[in-house]
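Before any questions on binding or motion, here is one chain by itself as structure tokens, the form predicted on its own.
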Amino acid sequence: MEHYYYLILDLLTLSYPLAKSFESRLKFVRYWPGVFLGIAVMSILFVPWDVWFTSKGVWGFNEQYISGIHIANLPIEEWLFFIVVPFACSFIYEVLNYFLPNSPLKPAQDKITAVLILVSFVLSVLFVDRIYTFTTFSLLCLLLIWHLLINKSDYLGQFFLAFLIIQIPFLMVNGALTGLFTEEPIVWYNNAENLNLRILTIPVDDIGYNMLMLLIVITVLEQYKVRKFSGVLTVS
């Protein structure tokens, strides 16, 4: 049974948002094309990144808690992670859009973005020799700059609020992955390549990694919604 811990965690993460996708008020299913397009775009960056870091020993997977099925040196459970986690987080984002369409963070979204750009830039410069920290925060810095100065995105306030809410299930899921509930972590990290700071058992770098991953997916989803509702797309 232990060999399926990671797989079970993936399935639990997926179960509720999948079951509620057809709920009559939210109708999250209508956003699926945009969500899965976003996941595909995000995966173009994150899957090779994951394969590379695994091969370099930046992180790895405990064979005790995975099924043993690998594709391109990654456990099948890790491939599923890149589908179920952004899917679940996109669901939370759209639930928030439905019940609270006007984010209280919207008036301050540019300032929040500027602060995050500064923090990401400083971390990527100070820890240029730590590959996880540098890669994560330099890419996040660039994406946030694009949103602030080029795309001038008007949904960042809503994204930041959703991201704060997402930290609750994030602590549970990522805590489970990093050994909060097991004798050994399912996913281990080489602390020489990250900030070597933990929230419970979770590397702090994972927060930036998670924000980068989700912001890519939400960016594509928002682009899809604009094109769909402006009539450019005819998907119903």
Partner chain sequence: MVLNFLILVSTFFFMEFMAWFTHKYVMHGLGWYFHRDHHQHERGFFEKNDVFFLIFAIPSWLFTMFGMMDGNDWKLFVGLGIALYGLSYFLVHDVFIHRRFDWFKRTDNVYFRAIRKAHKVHHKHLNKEEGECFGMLIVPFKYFREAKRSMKTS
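Keep in mind that what you see is a predicted model, and the values were worked out from it rather than measured. Residue numbers count along the first chain shown, from 1.
The discussion below concerns the form predicted together with the partner chain, not included here.
I145 is the sole member of I92, A72, I145, I83 with a non-hydrogen atom lying within 4.5 angstroms of the partner chain in the predicted bound form. Think of it this way: in the predicted bound form, the partner chain has a heavy atom of just one of I165, I131, L105, V125 within 4.5 Å, and the residue is V125. Interface membership of L100, defined by any non-hydrogen atom within 4.5 Å of the partner chain in the predicted bound form, is ruled out. Under a 4.5 angstroms non-hydrogen atom cutoff, the partner chain in the predicted bound form lacks L96 among its neighbouring residues. Contact check for V119: no non-hydrogen atom falls within 4.5 Å of the partner chain in the predicted bound form.
For A114, a non-hydrogen atom is located within 4.5 Å of the partner chain in the predicted bound form, even though that partner is not displayed.
Residues of 151 to 173 that come within 4.5 Å of the partner chain in the predicted bound form, judged by any heavy atom, are K152, D154 in sequence order.
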